[in-house]
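Single chain ahead, written as structure tokens, the form predicted on its own.
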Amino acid sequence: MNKIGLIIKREYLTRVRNKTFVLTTILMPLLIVVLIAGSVYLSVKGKEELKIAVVDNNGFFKNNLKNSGDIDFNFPEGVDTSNYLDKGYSAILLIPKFEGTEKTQYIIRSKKSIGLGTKESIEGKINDAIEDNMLQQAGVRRNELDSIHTKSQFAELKSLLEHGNKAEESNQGLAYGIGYASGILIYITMLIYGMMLLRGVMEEKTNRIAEVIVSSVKPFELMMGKIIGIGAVGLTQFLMWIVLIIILTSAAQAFIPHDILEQVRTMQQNNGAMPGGGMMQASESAQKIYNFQHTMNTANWPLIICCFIFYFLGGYLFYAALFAAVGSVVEDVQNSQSLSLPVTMPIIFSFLIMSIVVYSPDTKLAVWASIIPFSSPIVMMARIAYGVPGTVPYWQLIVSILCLIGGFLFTTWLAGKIYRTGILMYGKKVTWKEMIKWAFRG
């Protein structure tokens, strides 16, 4: 056990002291913030902007067809399909005579292909214009329609989860975000640290360092030391990210004006309301900060963080043993890629399942994929964010944990037998068939 501890210490300190580790630990949270901000900016600024000339054979579309931020409808005279480009229009919309409630085809012509989202938006605006015209013909006045459209958000749905005699507020958007982010983080780190372990074992074997080490420790002790040491590096990085996020969040509050913070505290004490019977109004900034904090408080963070650490470590240990086994039998990169494919494919497949589960966490696919050890580290985190025991009953969580522990013990036993033979074998290409024979050999 002392020898395993020495190997863990060596693997851990070698990687933690590396400049790459320090840089990625500090820069990764900042990079994530930049990527999120960049994605939001591009989604807003990168939309397709169209100036559309409309040829209307009905006469009522001019007053009913509404523009949006990226679509500008115009009703010019003397513009047709032969000259709309010369007149400065991106496209031309040809609206035939609308007869009653019959389904009619509308044609839009353009030089460049129109995106699917833009096409659906134009189609929706045409249908809204027809609907408004029909309502006006039925006696609804134009100013009444405009008033309805400006106040179209009449309902706000609040979701409550029942726990015995109590009901707690939940937020599906937050659950989706937490589930997806947790799943993708575990997916990325399992691949990164799994491949790091594979390359480390392969390099030691290629450089004949393993022969020297194995003369002092058992192959199984060497494998376990490397697995746990590299896993500890990943866990350290996650904990440092959490600390950095807390520091950045605390620092951000120092830039918020004092009067806004006071309004937020008042709203927290009064469950989102300002005192004075509605006479006092919170500022828009205070309302947004309160809404954000209130939304974040709907999640069970202690459970989510504990489960995340467990499934990260459990998933890593489950796959790391297999990556170590592959690394022990290969001597070149090309062979390692072909042999590691059966190990990486379940991880990639789990990520694809997770992408579905974040939308539907109660399906049979979601339940079974969150229990089977090959996929549970990624998929279960996508479900836990929706609530325990609401979406994920306690028995499913317990069975998933036990299966993952059992799976780790099995893959470690399996990989240990392969590692014992493969780490000292040179000059031979090994296949998975031979590796399985080694594993189950007495």
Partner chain sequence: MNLLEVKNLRKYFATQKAVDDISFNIEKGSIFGLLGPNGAGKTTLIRMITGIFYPDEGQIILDRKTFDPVNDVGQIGYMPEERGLYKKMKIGEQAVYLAQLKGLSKDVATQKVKEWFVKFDMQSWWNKKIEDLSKGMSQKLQFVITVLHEPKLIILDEPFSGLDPVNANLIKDEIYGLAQRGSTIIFSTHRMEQVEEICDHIVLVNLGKKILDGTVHNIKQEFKENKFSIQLTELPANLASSAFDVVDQKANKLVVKIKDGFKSNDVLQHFLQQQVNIEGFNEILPSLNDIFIMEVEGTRSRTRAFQTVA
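Here the structure is a predicted model, which means the values were calculated and not measured. Positions refer to the first chain, counted from 1.
One more form of this protein, predicted in complex with its partner chain, exists but is not displayed; see below.
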* Name the single residue among Arg199, Arg109, Lys119, Lys218 that comes within 4.5 Å of its partner chain in the predicted complex, judging by heavy atoms. => Lys218
* Taking 4.5 Å between heavy atoms as the contact cutoff, choose which of Ser355, Thr236, Thr363, Asn207 touches its partner chain in the predicted complex. => Asn207
* **Per-stretch contact check against its partner chain in the predicted complex, the hit in 299-307, 199-207, 341-349, 320-328 (non-hydrogen atom, 4.5 angstroms)** => 199-207
* Taking the shortest heavy atom distance, is Ile213 within 4.5 Å of its partner chain in the predicted complex? -> yes
* To do: Report whether the minimum heavy atom distance between Met435 and its partner chain in the predicted complex is within 4.5 Å.
  => no
* Asked: Even though its partner chain is not shown here, does Ala439 get within 4.5 Å of it in the predicted complex, heavy atoms only?
  -> no
* Partner proximity in the predicted complex: Lys429 to its partner chain, non-hydrogen atom cutoff 4.5 Å -> no
* Each of Ile7, Arg10 and Arg17 near its partner chain in the predicted complex, meaning some heavy atom within 4.5 Å? -> yes
